[in-house]
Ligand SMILES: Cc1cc2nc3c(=O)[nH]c(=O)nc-3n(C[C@H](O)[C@H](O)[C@H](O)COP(=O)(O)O)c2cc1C
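Shown below, as structure tokens, is a lone chain in the form predicted on its own; questions about how it binds or moves come after it.
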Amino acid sequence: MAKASFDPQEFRSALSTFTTGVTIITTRAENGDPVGITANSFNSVSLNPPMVLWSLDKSAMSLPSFTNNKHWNVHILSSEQEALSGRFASRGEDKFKGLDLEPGMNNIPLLRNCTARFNCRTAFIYEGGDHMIFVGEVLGFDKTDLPPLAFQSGLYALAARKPREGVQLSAAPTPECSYTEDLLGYLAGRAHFQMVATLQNVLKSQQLNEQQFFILSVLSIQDSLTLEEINQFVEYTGGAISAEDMASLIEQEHVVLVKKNGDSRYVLTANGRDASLKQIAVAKAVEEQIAKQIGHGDAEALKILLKRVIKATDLGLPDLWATKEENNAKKTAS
């Protein structure tokens, strides 16, 4: 329910729930220096004639540059440019230092690797409360297939596309105790098994099973591990690695057993590393094929969501990509 007066911070928080893209807008100051700011106030105005708008705080140091120079460029940032967004949102540094720029129309700097870019000329400037609103005519533009960076409730995000068509629901309601196709465990499990189907063929040709695949994968990331340490890294699979499993890999010359500081440690051989690299290559090829079908942006968003699920369901297992010191600290904290 609307209120006549309200807390400005609450109002700002409510506005931030509207998900936007992130842009960097560039121009040149009167002395020729490049000027750039991060803005998420960008929006389209008209297709014919092509026009866009954005707004700038009246207290911004860059305001004179944008009011005096009629030409400016809008860059819709890709998901890979989060750091660039932070750089142009800050004050007191050379924002363009080290950047590979392109000369845009009227020598206005253009950033590379963006989702889209618009060369604009100011058509109107309006006063809007504590901001100035710039309406520009689009003189030229280009776009790529790079997924865009999004911003929501004060945090960066990735946009995942959702089909307009709704899923056909069954006529009868599903009992709460029944499995449904929207069960997260089912979706994650089926996606996993379908993705590794091609990998299973590779393992078969290498005369390896899935358990041995996990072992080689672990040793390709952290080599020279004890059997206990290997089991800590694969505990999430629900299966335990035995000395007999390791003996089989030794017999196949994928692994050797060495003594180090009184411990028996398993080390990957050149044959084992070659086998693991072939498995990784197949896995990455499958991932790339899926990304092409669902879109690289959606694939990146899916990775982030799965990482959040893994973190939410983590029982305190060591992180394979962390150092031993980091894992010991994590164990102590839990």
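Numbering starts at 1 and follows the sequence shown. Since the structure is predicted, the reported quantities are computational estimates derived from the model, not experimental observations.
Another form, the form predicted in complex with this ligand, is not on view; read the next lines as being about it.
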query	finding
Contact test, all of H192, T198 and A285, partner this ligand in the predicted bound form, heavy atom 4.5 Å	no
A89, heavy atom within 4.5 angstroms of this ligand in the predicted bound form	yes
F214 within 4.5 Å of this ligand in the predicted bound form, heavy atoms	no
Exercise: N271 in contact with this ligand in the predicted bound form, heavy atom 4.5 Å	no
This ligand contact at R121 in the predicted bound form, heavy atom, 4.5 Å	no
Contact stretch among 261-269, 34-42, 276-284, 299-307 - heavy atom within 4.5 Å of this ligand in the predicted bound form	34-42
Sole residue of F96, Y156, F141, Y236 within 4.5 Å of this ligand in the predicted bound form, by heavy atom	Y156
Sequence-ordered list of residues in 53-68 near this ligand in the predicted bound form, where near means a heavy atom within 4.5 Å	S55, L56, D57, A60, M61, S62
